[in-house]
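This document starts with one chain, in the form predicted on its own, laid out as structure tokens.
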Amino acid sequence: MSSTCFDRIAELVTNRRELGDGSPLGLRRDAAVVVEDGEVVWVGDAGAAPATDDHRDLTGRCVLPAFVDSHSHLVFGGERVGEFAARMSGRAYTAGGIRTTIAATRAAPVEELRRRAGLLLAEMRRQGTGVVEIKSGYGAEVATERRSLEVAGELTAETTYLGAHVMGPEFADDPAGYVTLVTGEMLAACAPLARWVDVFVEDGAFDGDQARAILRAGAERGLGARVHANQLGPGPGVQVACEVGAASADHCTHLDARDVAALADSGTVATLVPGAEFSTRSPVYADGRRLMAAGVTVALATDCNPGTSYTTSMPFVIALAVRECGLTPSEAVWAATAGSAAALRREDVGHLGLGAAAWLSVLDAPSHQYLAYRPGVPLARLLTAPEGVTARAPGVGGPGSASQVASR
């Protein structure tokens, strides 16, 4: 066991009201935090910490919980830069581009999938991100979906089975047959490697009844539910997510009053991914202000994927959420840390309370507000991580062990 004191912190974001100024961020100024054996063990005033094995002076810097990225697609083959350039020239986005990545992912050797996913995760870490959720979804057939989850499981415990991303190309004229595959043979092969099941509920992907069947089958295998909901237009995605008690409904770009009320009443987290709106040149961003006013728990995530949000930067997402989704800088930082931890139903990350996993990030700036104030500037970096940087969730196994659906 070893201990480290991070001292003389200009501003410490704890996300614990009782540890700071009573705000949701639980701010402390001129603060110190002690990490021992992969956990936060002490928080208090600068210069007052108990003796430790190591001491680091962070004068003038802000320390906060490492970002939690609760929605990403890091395992894929190929890229779609041509599609992006076409959209920037005025072509509208539809869900069909996913099939391009399916073909490339099926053809890619596992070593290439592993290499690319590892590089993207390293990018995330360099920008202050700790825990990351990673989905499958670019296989649309049994072997590639399983292989994708095997790669994802080498990087994180938060793995999501997304066989229901779009219909496999072999099933273009047989959607019922594809749902049978996703809820049967494919699920049986993938469930032991996943914590979550997800479905893309959208025109061109899966309807409400198909989504309910897929999520129900996943629940029977012990998988928690996540839903890609209401991205490209109004639809049943949010309602389905709330009905089944999904941990998170992601995107939430096109919501009516009934959707907002359902999120507020159900406790399902609304995960906003404004990088997707940015990269698809969407005229509409998710209305985070409306959700916050209704008492909905809001999270932020990158949605990192090769087609519609090829970014690994949570600071960029925070800046977009402030500029385009109506969140304040403080709300956006909370959503990118504690909110995203809630979207993964994790209580050990997203805050710096006593006993929290020691995922800390530091800013080369005196306040969390600089993340939105200085967009595009590399201010954030991972300061420390627990032993075993995959940070497995309590009770959640890795590859090969059992554990407990949006446009790309």
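Source: prediction; values computed, not measured. Throughout, we count residues from 1 along the sequence that is shown.
As for the form predicted in complex with another copy of the chain, it is not shown, yet the points below apply to it.
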>> Looking at 353 to 361, 373 to 381, 33 to 41, 336 to 344, which stretch has residues with any non-hydrogen atom within 4.5 Å of another copy of the chain in the model of the complex?
In response: 373 to 381
> When you measure heavy atoms, are S282, S313 and V322 every one within 4.5 angstroms of another copy of the chain in the model of the complex?
Replying inline: yes
>> Is G288 near another copy of the chain? Define near as a heavy atom within 4.5 Å, in the model of the complex.
In response: no
> With a 4.5 Å heavy atom cut-off, would you call R125 a contact of another copy of the chain in the model of the complex?
Replying inline: no
> Should E112 be classed as touching another copy of the chain in the model of the complex when contacts are defined as heavy atoms within 4.5 Å?
Replying inline: no
>> Residue-level contact is defined here as any heavy atom of the residue lying within 4.5 Å of another copy of the chain in the model of the complex; does R80 satisfy this criterion?
In response: yes
>> Looking at E277, E243, E150, E141 here, can you tell me which has any non-hydrogen atom within 4.5 angstroms of another copy of the chain in the model of the complex?
In response: E277
>> Just to be sure I understand the contacts: of G130, G168, G218, P306, which is the one whose heavy atoms reach within 4.5 angstroms of another copy of the chain in the model of the complex?
In response: P306
